[in-house]
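Coming up is one lone chain in structure tokens, specifically the form predicted on its own.
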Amino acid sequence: MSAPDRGELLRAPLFHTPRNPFAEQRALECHWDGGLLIRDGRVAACGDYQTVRAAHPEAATTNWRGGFLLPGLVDTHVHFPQVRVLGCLGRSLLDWLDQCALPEEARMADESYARGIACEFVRALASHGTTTALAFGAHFLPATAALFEAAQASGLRVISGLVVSDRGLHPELHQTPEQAHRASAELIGRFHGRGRLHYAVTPRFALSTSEGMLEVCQSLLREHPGLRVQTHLNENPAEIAEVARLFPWASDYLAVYERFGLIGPRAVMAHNVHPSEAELERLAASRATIAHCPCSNAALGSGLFPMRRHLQAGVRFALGTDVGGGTGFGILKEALHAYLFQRTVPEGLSLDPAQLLYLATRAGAEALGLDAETGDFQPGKAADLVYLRPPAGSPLAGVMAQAEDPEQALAALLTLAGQESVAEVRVEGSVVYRSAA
């Protein structure tokens, strides 16, 4: 009989948002001398170090002062096959897809190549502090399986699925509805609910899916309870106009997905930069979530996210990197750019550190139906965390050396902390990344 786990007590300043700061005051919890007790991979206690220590004197303390603890970051929109097209600037969405993204996605037909990209992808997520990701898979079954296998080996939480399309793309990326159903069902059987993996039905966007393909997506949801849905919505004016041409019966873009039962509490729609008021109203009623990707919206010239309109309508949203239309894997960078763009747009919001941290963590967990498992440090949840330690001599280290207010310190982390500051990342208490520095 094995000895009981007495636990590990991590001592460091820590921040988390166990409540929604857009709806409640004092949602941010900060402990300048914090204690996070981990036992059997779960959070056993969280609070002031001395208080936690007194209640659990048997736990071994790991002294992480000099760094900072945040909940594991959550990326609600990222494309696994696009790692190597990061940095293709100067194009709008449809040109970028045709000239940059789709040729690279076609290379995923080579299973060996796809396996290498899958390993690069999960390493990039972990090294940026992302512990949970909703990721577009590939258009090919073996490549999508390679992503699931790499994610399982890494220990990360990954939700993904075969990307299904039957028109409007490069022909080598098309499937028939029958092929898409058969391949998706095989992947669901192999990976959905296996460890930390879940499956998302993934029509690329209405532009590339016929009514027959959308019916396949609807059928998969009916046949396999518990699946998520991910796709794109209202990203670019040219895209929206083409969707209206292809689906003349639809009152708007969202109506296409609604007809086929693809909108609901476990659906994540990327972007929604150009919504109508009617769409916002229906999104709120459905409890679907928008993946807000500020860096991608700017890099592709898609527009600026109308955050105030979403909040006023009651539409949920979280953050996504949209690699490779975005500019990298950093969810903290997306939070910073969400702040910057909202400072400049008409009717923008002045976001505070608590709201930014929430969008980078708990909001994403809520979007994915995982908020009972991850997203903050409430006792009983999985010990998913990122330990940030500013490099010696860096501007961030200098700012932190004289920071006296916890919210000021959190604001500095959101502004300055990048991959170089990620010292260790854990999922359910197990290390999934540790910096060599």
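Remember, predicted model here, so these are calculated numbers, not experimental data. From 1 onward, residues are counted along the sequence shown.
Just so it is clear, the following notes concern the form predicted in complex with a small molecule, a form of the same protein that is not shown.
Practice task
Scan F247, F341, W96, F191 and let me know which has any heavy atom within 4.5 Å of the small molecule in the predicted bound form.
Solution key: It is W96 that has a heavy atom within 4.5 Å of the partner.
Exercise for the section: Would you kindly say which of Q355, Q175, Q82, S219 lies with a heavy atom within 4.5 Å of the small molecule in the predicted bound form? Expected result: Here the answer is residue option Q82.
Practice task
State yes or no: in the predicted bound form, is some non-hydrogen atom of Y199 no more than 4.5 angstroms from a non-hydrogen atom of the small molecule?
Solution key: Looking in the predicted bound form, residue contacts with the small molecule do not include Y199, since no heavy atom lies within 4.5 Å.
Exercise for the section: Could you confirm whether S160 comes within 4.5 Å of the small molecule in the predicted bound form, counting heavy atoms only? Expected result: Although the small molecule is absent here, S160 would stay clear of it in the predicted bound form, with no heavy atoms inside 4.5 Å.
Problem - Partner proximity in the predicted bound form: T289 to the small molecule, non-hydrogen atom cutoff 4.5 Å - result: Heavy-atom contact with the small molecule at 4.5 Å: absent for T289.
Problem - Contact flag, H232 vs the small molecule in the predicted bound form, heavy atom cut 4.5 Å - result: H232: yes, in contact with the small molecule in the predicted bound form.
Problem - Heavy atom contact within 4.5 Å of the small molecule in the predicted bound form, the stretch among 260-268, 147-155, 176-184, 202-210 - result: Only one stretch qualifies here: 202-210.
Exercise for the section: Check, residue by residue, if T361, A363 and D376 all come within 4.5 Å of the small molecule in the predicted bound form, counting heavy atoms only. Expected result: No, none of T361, A363 and D376 comes within 4.5 Å of the small molecule in the predicted bound form.
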